[in-house]
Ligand code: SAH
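Take a look at this single chain, the form predicted on its own, given in structure tokens.
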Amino acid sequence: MHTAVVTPKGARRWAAGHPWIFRSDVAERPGVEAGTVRVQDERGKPLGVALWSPTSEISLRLLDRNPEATIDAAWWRDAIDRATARRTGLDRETNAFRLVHGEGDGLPSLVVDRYDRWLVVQLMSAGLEQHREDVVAALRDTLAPAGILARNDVSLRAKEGLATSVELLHGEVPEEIEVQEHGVKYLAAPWGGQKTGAFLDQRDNRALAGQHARGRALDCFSYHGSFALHLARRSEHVVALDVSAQALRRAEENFRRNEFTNGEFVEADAFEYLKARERDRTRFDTIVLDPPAFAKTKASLPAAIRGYKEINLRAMRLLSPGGTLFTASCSFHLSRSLFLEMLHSAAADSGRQMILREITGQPRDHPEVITIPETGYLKGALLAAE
């Protein structure tokens, strides 16, 4: 195995609990293409074994602090076993959840999601790509899935010098898979849906919003209606709002699958819809705001905060007295503190007294490591209007 030498700054980063070393902190590059390398500091002290990505800004990703570790099929089996053991009991709540959350499970750049009997994976670094066969073999040995699909159509792979594609790696994977989640059912689309087929990270937040739903409800940015389905169990009427007609057709199909007849499916821009409902003084008893990531980069954060504030301000004004708002952000660059500051500003401008009932994050199958901020991106708040 070849060796990379890192600067004191890079070594300190590992010592502080973060697995990434950037290109600028690689003092001596290993004489090898992408794969696995040993890492040492400038004094020759061994630091561990890492994935090596020669074209990426993130050049080294820590795999094992033992510098003598052999990263073979057995190593991957043990690592995946440890990750899946942390999910014990989740299959009693749902048949779809994340088995490996990349750096959050000590397996950087690897995502593995389970959908019933099938797995969807993402290999998001050049170093990891070199271990594809061992990773797939480990997943087959430990989990015996009916099929494994690679959703390697993410833009991050391009930064690693890798091709983007959707590729069947083992067995067969259907176009649609029924997900059962806290008492509701919906269809995931592993081949062409968002992320790996569904938004698994909002599972517990959907259940929370459903527990507080009542009366007339509105689910903005509804996509396939997964929040709306939970709202429908307790609400008299649910408006599922999305800009995509195709997504709403899937939402309507999901309502039929659950034999819910209280859904209304509206194709519209959420900002314009909220403005219009404010003008005509419509009121809702329950509102969910689950927008896409407005802040995809640090530079876009100021504009994103303005967008988040606008939709939350208008939603607060549309709530009936005693109404409930669940609002979320999946933008990593919008920290929890900035998220709460934005809600404070929106509430102050709304003319409503908003009571903070609960602050939420990611479910336990998306572990957030304190020393690795990138593992945590999802934050939510449950608010009640006086």
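Note that the coordinates shown come from a computational prediction; the quantities given were computed from them, not determined experimentally. Don't overthink the numbering: it's just position in the shown sequence, from 1.
Missing here is the form predicted together with this ligand; even so, the following discussion is about that form.
Residue heavy atoms within 4.5 Å of this ligand in the predicted complex occur in exactly one stretch of 150-158, 168-176, 85-93, 270-278, and that stretch is 270-278.
Though the partner is left out of this view, Arg206 does reach within 4.5 Å of this ligand in the predicted complex, counting heavy atoms only. Leu241 belongs to the set of residues with a heavy atom inside 4.5 Å of this ligand in the predicted complex. This ligand is not drawn, but in the predicted complex it has no heavy atom within 4.5 Å of Glu103. For Thr286, no non-hydrogen atom is located within 4.5 Å of this ligand in the predicted complex, even though that partner is not displayed. The listed set Asn312, Ser235, Ser226, Ser125 contains one residue whose heavy atoms approach this ligand in the predicted complex to within 4.5 Å, identified as Ser226. The contact with this ligand in the predicted complex, taken as any heavy atom within 4.5 Å, belongs to Gln202 out of Asn254, Gln202, Ser109, Thr196.
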